[in-house]
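Just the one chain here, laid out as structure tokens, in the form predicted on its own.
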Amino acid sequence: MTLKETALHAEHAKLGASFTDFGGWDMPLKYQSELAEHHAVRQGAGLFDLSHMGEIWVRGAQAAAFLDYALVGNLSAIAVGKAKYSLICTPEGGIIDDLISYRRPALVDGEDAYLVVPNAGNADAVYAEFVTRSEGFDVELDNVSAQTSLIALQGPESERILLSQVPAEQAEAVRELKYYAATEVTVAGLPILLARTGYTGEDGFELYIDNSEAALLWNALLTADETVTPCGLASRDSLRLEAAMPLYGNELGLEGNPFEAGLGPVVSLPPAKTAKEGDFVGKEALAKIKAERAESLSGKRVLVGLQGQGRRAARGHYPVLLNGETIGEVTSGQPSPTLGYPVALAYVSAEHAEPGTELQVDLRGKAEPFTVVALPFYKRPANK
């Protein structure tokens, strides 16, 4: 199978990146040291190419109503300029994808506009579901994934660096941009949709731009400051794990449900303030799952954080044990570069999910001690 390439592939090759197959895309895994890239984001600024992600515009008089029906969240409740993390689920409650939706100013009075960003490997599936679920709604779908690039600048220095590339009259708009909000600005002379979002646990920005201008933007940001480090998917995974952000295919999937993954608040069911009155795909099944879990968690699984007591790290699919009996499975795990000890996410029986519970992980035939801990593993200081 021929792997797809982003508009920045040649730039990554020039920088000496090693590549990996990620969801059918030939993506940079790292440039030199994944550990150095990880620390660059925690201490300075890292630059990521995320152009493999999907972008779908949803416009029309019933755009908000359509997304309320298609997703589990209440998208009509968010204000123009804001963003919302949500899920698209099957009628049975399985997770097709997790995604972010940005509510944008409408081009026409009386209509709404949203930019929905699914994961790379699920973009086609999400779009196909949108097409099916849009039947009967006055809505227009436009899948612009193939012509849109997404570049992320993440880290405590990201705002300062970005401001060096923004016209003075737009500087205040960048400084005042809140987390999970987006606005149009000019960066390095290029028109950008700028979002204050990310997947690293740090402050940072995600910049949407047409493919034709992606290399100009990438190189402008890369050379804007000596602290900017190009970062690959390896460091992105260790960063998101420290921040306990779920990864589709690891923590999330069709066989799971939002509640066991700790994403129950994302589902707009009563008694949430943003509970939807109307129907949405998966509502009946998710309401039943929620009610059953509220009645009893016996026999059900919960996503937890594990802290290793030794030096060896757990990896995905390793069994989680209690006194030699398997009570769960690791979904993601590796040494934490920031914290200095192994961390992991795992699904375990609810009876053993309380922080402080001493468990073991079978590390290729040897049981090593791990402790259930509260999530996230890492939370950036308030002043970063």
Partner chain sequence: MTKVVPELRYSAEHEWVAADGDGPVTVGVSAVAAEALGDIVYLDLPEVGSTITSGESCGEIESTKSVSDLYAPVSGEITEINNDAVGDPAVVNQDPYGAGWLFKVKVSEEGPLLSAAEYAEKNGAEL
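These numbers were taken from a predicted model, which means no experiment stands behind them. Numbering follows the first chain given and starts at 1.
From this point on, the text means the form predicted together with its partner chain, which you will not see here.
Student: Could you tell me if residue 335 has a non-hydrogen atom within 4.5 Å of its partner chain in the model of the complex?
Tutor: Contact check for residue 335: yes, within 4.5 Å of its partner chain in the model of the complex.
Student: So, residue 14 and its partner chain: in the model of the complex, are they within 4.5 Å at any heavy atom pair?
Tutor: Answer no; every heavy atom of residue 14 is more than 4.5 Å from its partner chain in the model of the complex.
Student: Would residue 312 count as touching its partner chain in the model of the complex under a 4.5 Å heavy atom rule?
Tutor: Yes, contact at 4.5 Å.
Student: Taking 4.5 angstroms as the cut-off for heavy atoms, does residue 237 touch its partner chain in the model of the complex?
Tutor: Within the cut-off, so yes.
Student: Mind telling me which stretch in 349-357, 55-63, 34-42, 320-328 gets its heavy atoms within 4.5 Å of its partner chain in the model of the complex?
Tutor: Single hit among the candidates: 34-42.
Student: Can you list, in sequence order, the residues from 344-370 that come within 4.5 Å of its partner chain in the model of the complex, counting heavy atoms only?
Tutor: Stretch hits: a single one, 364.
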